[in-house]
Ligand SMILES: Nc1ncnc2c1ncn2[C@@H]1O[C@H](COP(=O)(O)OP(=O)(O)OP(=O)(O)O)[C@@H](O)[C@H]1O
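Take a look at this single chain in structure tokens; it is the form predicted alone.
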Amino acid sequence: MMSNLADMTNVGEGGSPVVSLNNVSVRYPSGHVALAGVSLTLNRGEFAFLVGPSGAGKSSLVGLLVRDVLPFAGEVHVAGYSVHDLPASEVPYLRRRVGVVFQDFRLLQRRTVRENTAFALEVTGAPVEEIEVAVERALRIVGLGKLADRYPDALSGGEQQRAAIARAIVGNPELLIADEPTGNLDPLISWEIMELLGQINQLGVTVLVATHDSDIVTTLRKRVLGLEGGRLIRDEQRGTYHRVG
């Protein structure tokens, strides 16, 4: 499985940027500077890993991309939106274009897999017919069609993460952010989840994975964005988890 994953190539590199950060800094009310002068772009269809030690600024960067965090300075553009000066009323429209997957799944325990997946579109007021088609497509992509009527507590950890991914992609996002998506999974299931993210990337979705899993990053040899002390210290194509040399 690992060799197949390593052979995957990025789709659509060189296209218009889905993410663009220009000299971005984040400073919290406590005075802590979480990001300092970060500039980067992610093109349509790219796959990149975001790495760095705890406290490096990864969570702040992810928060910027969905406007959970606002920059102290600089410009943030995501999926055509100027996030740094986006009115609060337009935030839901941004978040329709960005899917997010977390380490702890964050599924609604009293809703089935199908209902969890549909919920992401229901809150936007999408038509019922559109929701049904989109949900079936998302469940087919993640391989959960036969488990669609189960509740989260009847699923394995890997199945719960697949359900979370279905919910994240049901709206056909331009950007999929996976924040430590394998942190609660055993190694074999972790590779299956990474393979799924690779398949979604091959559909043209830009994928950004924040992770501490050095084996996955080093084996896949994708683009690696390395943060340390709030600064982007490296941006390498076909990079490894640790700086070489």
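Each residue number is its position in the shown sequence, starting from 1. These numbers were taken from a predicted model, which means no experiment stands behind them.
Keep in mind that the form predicted in complex with the named molecule is not shown, yet the notes after this line are about it.
Trainee: By the heavy atom within 4.5 Å rule, which residue out of T41, Q199, N184, S59 makes contact with the named molecule in the model of the complex?
Mentor: By the 4.5 Å heavy-atom cutoff, the listed residue in contact is S59.
Trainee: Out of 216-224, 29-37, 185-193, 199-207, where are the residues with a heavy atom within 4.5 Å of the named molecule in the model of the complex?
Mentor: Result of the contact check: 29-37.
Trainee: Which residues within 183-216 place at least one heavy atom within 4.5 Å of the named molecule in the model of the complex?
Mentor: Counting only heavy atoms within 4.5 Å of the named molecule in the model of the complex, the single contacting residue of 183-216 is H212.
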